[in-house]
Structures are given as structure tokens and as C-alpha cells.
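The chain below stands alone, shown as C-alpha cells; this is the form predicted alone.
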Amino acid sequence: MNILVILKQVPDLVEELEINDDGTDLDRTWMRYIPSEYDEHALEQAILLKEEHGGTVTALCLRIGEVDDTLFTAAARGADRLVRIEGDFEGISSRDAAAVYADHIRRGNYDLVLTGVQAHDDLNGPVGARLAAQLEIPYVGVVSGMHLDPETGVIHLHKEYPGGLLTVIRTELPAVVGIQSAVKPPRYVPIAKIRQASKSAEIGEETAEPQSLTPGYTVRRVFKPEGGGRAEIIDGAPEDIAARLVSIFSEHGLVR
């Protein structure tokens, strides 16, 4: 089986994030990027499938931030092939990113494409669904486990619905799957193994230009949460606190 895993670089939320001068996006000048947590689960699920059924795992990244570190870490975890797509992808929309990924996939021979179900810098994780639509193959998202029947080529996907409901969806390959969590947590690899991978693994390069499609939404304003300053600390005896609470509820029309 030939599996492709899409690894997206997202802003590191540990760092202090700044808004750009236009107020419509983050200031990405000195931003530190890390791989999306959900994509790391997608990579782990791909490696587990390879270990069980054989095949190859390809890790694909757009050139955003220190992407080579992400790819070499993927190699240390078990990815067989690394691909970096060169281009101006800072702040790329999910629609444009899906178009770039689709172009690469059409030139490949992949049985299964795995991606994280969402990313914390995007809305509702639309990349996987958009990608499947462009490729005209099935898509299943919010997947937390899978089982492949090698004889029939059918994959059984454990999908989660709101309220903790679970179902199993059967689909034939090729398909795109949005991973919420792998069957096992992403494996830890020591720094020494990553350094070794950086010396032995090769990163294939491709070049692409975003197609600048019309976005599905327009960001009008990006801002940090604004403190309301409306909290009131009530001190005193229990009966005084209770009386004050009743007064506040009355002021807001909550009691009569």
C-alpha cells in the first residue's frame, strides 16, 4: 500500500502571537511553526498500517517555517519518502493548499491519503474534504481508528460523531481520511535518531504556485480577546453575599 501523509505547519501557540498591521491576519515575520498535532496522529496511523500490511509512507509538506525538521522527524518515525513543495505558502488558504496537494497526488500513485482532521489556524478542517472533492474520491473525517482488509481493498474507519457516538464506515480505496487520533499515540523519537535521519534521508523537492482561488470566506478582523473588566468579587458574611447575588440577578431580570 502506498500511503501519503500531509503534514501542515501551524503557529506555535506557546509563542507570543502578534496581529499584522492590517488587522486581518497574524504577523508571520518571526513566527515559529510546528507540525499540527492532528497531522502527527495521521503520520502515526500511516506507519501502523505500513507495519501491519507493508507498503510505503510518504510525508508531504509545503515550504512553511522550518519544514525540514518536520520531515526528518517523520523519517525518524518511519516515513519512507519525504517531499517538500517549494513556493510562497505563508498564510495560504485551505482551498489553495488543497489544490496544491491535489496536483501532487494526481502525479503519484497513492492508495490512501491521511491528513489531520483539523488545524488550530484553520476553520473546521476543510483541507481533507476539499482535497477529496478535487480528486473525486471518498472522504471520511473525525476518524480515530481503522482496519484494512487487504484481500478486498476495503478499509473500515471508526468515525466519531458529536455526543460520543461511534460508527464504522466502509469505503474502497483510494480515499482521503481526516484523522482525529491514531490507534496509538505518536511515537517518541530521540534527537539522536532525528539527526541521523537528517544525514541519511533525502528530501524530494517540487515547485508549485497557489492558484489564488476565490476564498470561501473573508477575514475582516483578527484581534486578541478583550478583557471585559466586569467581574465583581463579593465579600462578607454568607447572608450578605446571598443578598448581593439576589440583587444582581434582579438587576438583570433573572429573578422577580
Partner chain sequence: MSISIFVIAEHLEGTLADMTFEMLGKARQLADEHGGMVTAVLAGYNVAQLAEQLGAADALILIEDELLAEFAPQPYQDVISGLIRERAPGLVMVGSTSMGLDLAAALATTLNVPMLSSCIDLSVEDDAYVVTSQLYGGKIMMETAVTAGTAIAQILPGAFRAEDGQRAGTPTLEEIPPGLHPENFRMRFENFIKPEAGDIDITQAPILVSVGRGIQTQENIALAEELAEALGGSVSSSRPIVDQDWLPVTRQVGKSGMSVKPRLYLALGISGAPEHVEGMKNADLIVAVNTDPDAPIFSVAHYGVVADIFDVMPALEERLGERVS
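Positions refer to the first chain, counted from 1. What you see is a predicted model; the values in this text were computed from it and never measured. Under this definition, the rigid core comprises the largest set of C-alpha atoms superposing within 1.5 Å between the forms.
Only in words, not in the display: the form predicted in complex with the partner chain, which the text now covers.
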| query | Closest heavy atom of H156 to the partner chain in the predicted bound form, within 4.5 Å or not? | reply | yes
| message | Can you work out whether A102 and the partner chain are in contact in the predicted bound form, taking contact to mean some heavy atom pair no more than 4.5 Å apart? | response | no
| task | Answer with yes or no whether E16 is in contact with the partner chain in the predicted bound form, where contact means some heavy atom within 4.5 Å. | result | yes
| message | Under a 4.5 Å heavy atom criterion, is G87 part of the interface with the partner chain in the predicted bound form? | response | no
| said: Counting any heavy atom within 4.5 Å as contact, can you tell me which stretch out of 32-40, 47-55, 60-68, 190-198 lines the partner chain in the predicted bound form? | reply: 32-40
| request: Check each residue of 149-175 against the partner chain in the predicted bound form and list those with a heavy atom within 4.5 Å, in sequence order. | output: H156, H158, K159, E160, Y161, P162, G163, G164, L165, L166, T167, V168, I169, R170, T171, E172, L173, P174
| field | Displaced residue check between this form and the one not shown: G23, CA, 2 Å or over, core reference | value | no
| Is it true that L165 shifts between this form and the one not shown by 2 Å or more at the Cα, once the core is aligned? | yes
| message | Relative to the superposed rigid core, does L245 relocate between this form and the one not shown - that is, does its Cα move 2 Å or more? | response | yes
